[in-house]
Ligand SMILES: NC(=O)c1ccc[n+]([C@@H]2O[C@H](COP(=O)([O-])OP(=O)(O)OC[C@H]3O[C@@H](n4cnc5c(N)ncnc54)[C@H](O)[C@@H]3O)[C@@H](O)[C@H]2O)c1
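Here you get one chain, nothing else, as structure tokens; it is the form predicted on its own.
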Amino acid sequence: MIKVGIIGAGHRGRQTYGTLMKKFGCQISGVCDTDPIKLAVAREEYNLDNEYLFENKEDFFKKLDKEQFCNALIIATPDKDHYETVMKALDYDLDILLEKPICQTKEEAINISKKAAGSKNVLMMCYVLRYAPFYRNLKEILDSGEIGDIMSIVHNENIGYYHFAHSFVRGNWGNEKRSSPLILQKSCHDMDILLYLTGSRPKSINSYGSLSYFKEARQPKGAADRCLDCKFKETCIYSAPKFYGNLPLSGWRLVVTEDKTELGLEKALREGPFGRCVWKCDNDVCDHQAISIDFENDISAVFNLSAFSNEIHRNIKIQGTKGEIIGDDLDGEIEVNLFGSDKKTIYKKVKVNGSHGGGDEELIKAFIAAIKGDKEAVKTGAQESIMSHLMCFASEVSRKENIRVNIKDYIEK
């Protein structure tokens, strides 16, 4: 029996990964979170005794010293706590699933990689896109040689106006000091996918971007600092009552408060971070950014991320010596056009379950398979995942210092 401990019982840790681990036959045997409400929910959800509920990770590991109550661990704490938690967890006989981003600095990334290299256990990063059917299909087409050698890639992450406001303005990842830069928190996925598709390492990176819209200077005249008090609450596209009372964000309502009543929601919007005006928050991360990357195998790539899209999706164009690929993970369709031919191949949409195009489920299936002995199921171990983080760190150096960063020099430095 795989017995799973969870450190960080929020949206990803408990609601996503914990739910899936339980669905696939694992037992959730201990939960740690600083929020007593989340612990109370976990107690009921997983039928846990109080001795297996922990308000801090120190108590979690002290209990583990006395009793091996779990043999697998999900780490989904706030970003700033990932490094300390995983470095401690690597001292135990545990298979570990670590939410991205894995850490916040170049030095931390290298330290984790070195320590994990000496472990016989699984350390798997939550780069769910590598496990999603859409990107696996894309990789198979590229590896088949159908469009020849890859010359260039244009890849877009469309964050979605409502997702950005929820997570990167009002939410946990809006402030760089509290979490991490947007490129690291949101788009280390995308750096990883570019590494995966190109099969190469980056030579250099250039990055541009800024926080241009979600700031006080853009707040409409006469707007209140909280949506419930604002005269524009019925018309503003970022109105919190509209966000969390109806679609598109009704599914994320439990992130705002575990209290499912209307009074509970109103209290959370009056007192908590999700009821704030999007132009009067403490956010400082970019709301748009563009990055150009030169790879060692002469592939050039441009990556663009933006808050300003209607839907949450990624779309990509890959140009090769024999043809081109156009794909969008929202509908799961991949179109291949070969040069000198009128033939257009449309790869059928893949039926997927759950979020990230089915990547969440496939990630958990791979983690369970790896625990049971199939180490080849892990596509995102520490060694594979470090470079994507280094690319993000280098991108921020480029953006803030207005320079092009040579990756080899950056790592050696």
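So that there is no doubt, residue numbering starts at 1 and follows the sequence shown. Just so it is clear, the model here is predicted, and its values are computed rather than measured.
The same protein also exists as the form predicted in complex with the ligand; that form is not shown, yet it is the one meant from here on.
J.: Within 4.5 Å of the ligand in the predicted complex, counting heavy atoms only, one of 96-104, 336-344, 316-324, 259-267 shows up; tell me which.
T.: Answer to the contact question: 96-104.
J.: Considering Glu146, Glu108, Asp328, Asp81, which brings a non-hydrogen atom within 4.5 Å of the ligand in the predicted complex?
T.: Going through each option in turn, the one that passes is Asp81.
J.: Indicate whether the ligand has at least one heavy atom within 4.5 Å of a heavy atom of Ile205 in the predicted complex.
T.: Taking the distances in the predicted complex, the answer for Ile205 is no, it never comes within 4.5 Å of the ligand.
J.: If we define contact as a non-hydrogen atom of the residue within 4.5 angstroms of the partner, is Ala240 a contact of the ligand in the predicted complex?
T.: Looking in the predicted complex, residue contacts with the ligand do not include Ala240, since no heavy atom lies within 4.5 Å.
J.: Contact with the ligand in the predicted complex for Gly13, defined as at least one heavy atom pair within 4.5 Å: yes or no?
T.: Yes, contact at 4.5 Å.
J.: Just to confirm, Val128 within 4.5 Å of the ligand in the predicted complex by heavy atoms?
T.: Although the ligand is absent here, Val128 would touch it in the predicted complex, with heavy atoms inside 4.5 Å.
J.: Hey, which residues along 27-46 are within 4.5 angstroms of the ligand in the predicted complex, non-hydrogen atoms only?
T.: Contacts from 27-46: Cys32, Asp33, Thr34, Asp35, Lys38.
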